[in-house]
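Just the one chain here, the form predicted on its own, laid out as structure tokens.
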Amino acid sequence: MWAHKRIHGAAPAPVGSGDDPPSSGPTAYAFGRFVLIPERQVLMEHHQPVHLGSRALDILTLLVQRAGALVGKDEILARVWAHSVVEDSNIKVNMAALRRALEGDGSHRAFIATTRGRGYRFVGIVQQIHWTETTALGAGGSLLPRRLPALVSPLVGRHREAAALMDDVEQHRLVSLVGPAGVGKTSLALSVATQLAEHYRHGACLVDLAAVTDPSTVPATVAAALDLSVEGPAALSALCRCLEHQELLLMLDTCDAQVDAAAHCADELLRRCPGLRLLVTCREPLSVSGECVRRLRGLALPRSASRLTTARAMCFPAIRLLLDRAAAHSRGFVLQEGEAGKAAELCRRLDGLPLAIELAATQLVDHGLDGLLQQLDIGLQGLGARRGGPERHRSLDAAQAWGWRHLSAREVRLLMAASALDGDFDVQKAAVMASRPGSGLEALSRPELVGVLSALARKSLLTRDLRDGAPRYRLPETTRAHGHARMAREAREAARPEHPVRPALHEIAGRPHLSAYGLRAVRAGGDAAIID
């Protein structure tokens, strides 16, 4: 915890008592949204370091330690430039840097007052505290305000979704933003959280759960993002105690791998921490009490690409993102007249997913629209890859693999089987598909099959629409392409002598509902003598 006392602006409070544990860590000074730690020569704003020169920090330390008192120029020169001869202008330069750092947020709040011809006075309320590494709890037992990471590029075509999500967060304590890999859940949630952060006394904090492999460590991961230290079997209870009096927007990002653990953690936090709100990103809802689910779909596309003009195409966010990113990648790029329909088709083949569209845009100058469309016939690898960012966001294939990684064997087999179908399908068609030898789904009962289909729709890997009271399912094109790639890999394995899947290739190639794309995938993966 923090031992603290107010050294300006109110009667001093005693530091510690006979019952207090001895304080540890360097002495620090908290004022407004800042914490100054002189021993480490650092000023923190919203728990992030502020870039200031050593002379400016020395001046600030002197003023803060003498808060409320007038500090003359001679005293500043003697303290900060003890063994140098400098002009008074050096004080002015450093004082200007301090004011930009402390008062440059547009709030018009002044921390330093100037008495002309005499010196400077620190006029903010200061609390002396003991800084520790294991806690971010500030003076009075409160979290220091948080700062979210910045978005790398602005959102395109998500204004309505952002407004709706903002309303959801304001009205509900738990909001889950749900959608397929690459649809932009993290970016949209981060944008909304950044706008809402100022409405919470302790700001907003991002917790990335993508790398968590042990579900028991979810509470500790949340605590670490807040610079708190909790561990052991009682970690969640300890986290709740730390946050029970805080006003905070907590963003739990990429809960896919630990949905059950994230749901349990979220449920407990909401029950015990009334000032907490949660914004969750995941491919499926957490399914806990009070949850508001907002499904995020791909960027809007024209219903028909025929007679689409370039001007009209720019009205659709998916195409606008493609062309904007292509122009940023290669200055001077413009869409040629008559190619608007091809651009729309490319975006449709990519399901309007921002990640896929941005990757395609980097290849557009080199390959053109025709070339990219041809590469998509082969697979998602033709879209290229990024060097930076999370591993799962470096390519569309990696994003798809991430989405498939945590599926059950039945779910994977059903997706692979469905990837060979053209168009949508109902439960009856899925049952026929599952009953075929070699599908790996022959043992599924009808209720079990319906359960697997529902689970895949809930996890944003199938789209589901109700027609005449009955559900119909469809694979997104990017999911279908990933399924084809997996099927091709199995076909290559099956081409090896004595492979147990080898006989199933004959049956797969002869399916009446096999798409042309699916047949090409099978042929690409197997020996022609086996299939023909």
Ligand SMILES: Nc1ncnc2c1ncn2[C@@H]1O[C@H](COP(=O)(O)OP(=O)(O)O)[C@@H](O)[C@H]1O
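Residue indices: 1-based, along the sequence shown. Remember, it's a predicted structure, so these values are computed and weren't measured experimentally.
Absent from the display: the form predicted in complex with the ligand. The rest refers to it.
**Q** Within 4.5 Å of the ligand in the predicted complex - does that hold for a heavy atom of every one of Leu155, Gly182 and Lys185?
**A** Yes, because Leu155, Gly182 and Lys185 each have a heavy atom that approaches the ligand to within 4.5 Å in the predicted complex.
**Q** Just to be sure I understand the contacts: of Ala420, Ala223, Leu299, Val192, which is the one whose heavy atoms reach within 4.5 angstroms of the ligand in the predicted complex?
**A** Partner contact (heavy atom, 4.5 Å) among the options: Leu299.
**Q** Have a look at Leu321, Val452, Ala313, Leu364 for me and say which one sits with a heavy atom within 4.5 Å of the ligand in the predicted complex.
**A** Only one option qualifies, and that one is Leu321.
**Q** Just one of 94 to 102, 327 to 335, 174 to 182, 214 to 222 has residues with a heavy atom within 4.5 Å of the ligand in the predicted complex, so point it out.
**A** Flagged stretch: 174 to 182.
**Q** Would you check, heavy atoms only and a 4.5 Å threshold, whether Arg413 touches the ligand in the predicted complex?
**A** Although the ligand is absent here, Arg413 would stay clear of it in the predicted complex, with no heavy atoms inside 4.5 Å.
**Q** Could you tell me if Glu358 has a non-hydrogen atom within 4.5 Å of the ligand in the predicted complex?
**A** Yes, contact at 4.5 Å.
**Q** Would you check, heavy atoms only and a 4.5 Å threshold, whether His393 touches the ligand in the predicted complex?
**A** It does: once the ligand is placed as it appears in the predicted complex, His393 has a heavy atom within 4.5 Å of it.
**Q** Should Gly203 be classed as touching the ligand in the predicted complex when contacts are defined as heavy atoms within 4.5 Å?
**A** Heavy-atom contact with the ligand at 4.5 Å: absent for Gly203.
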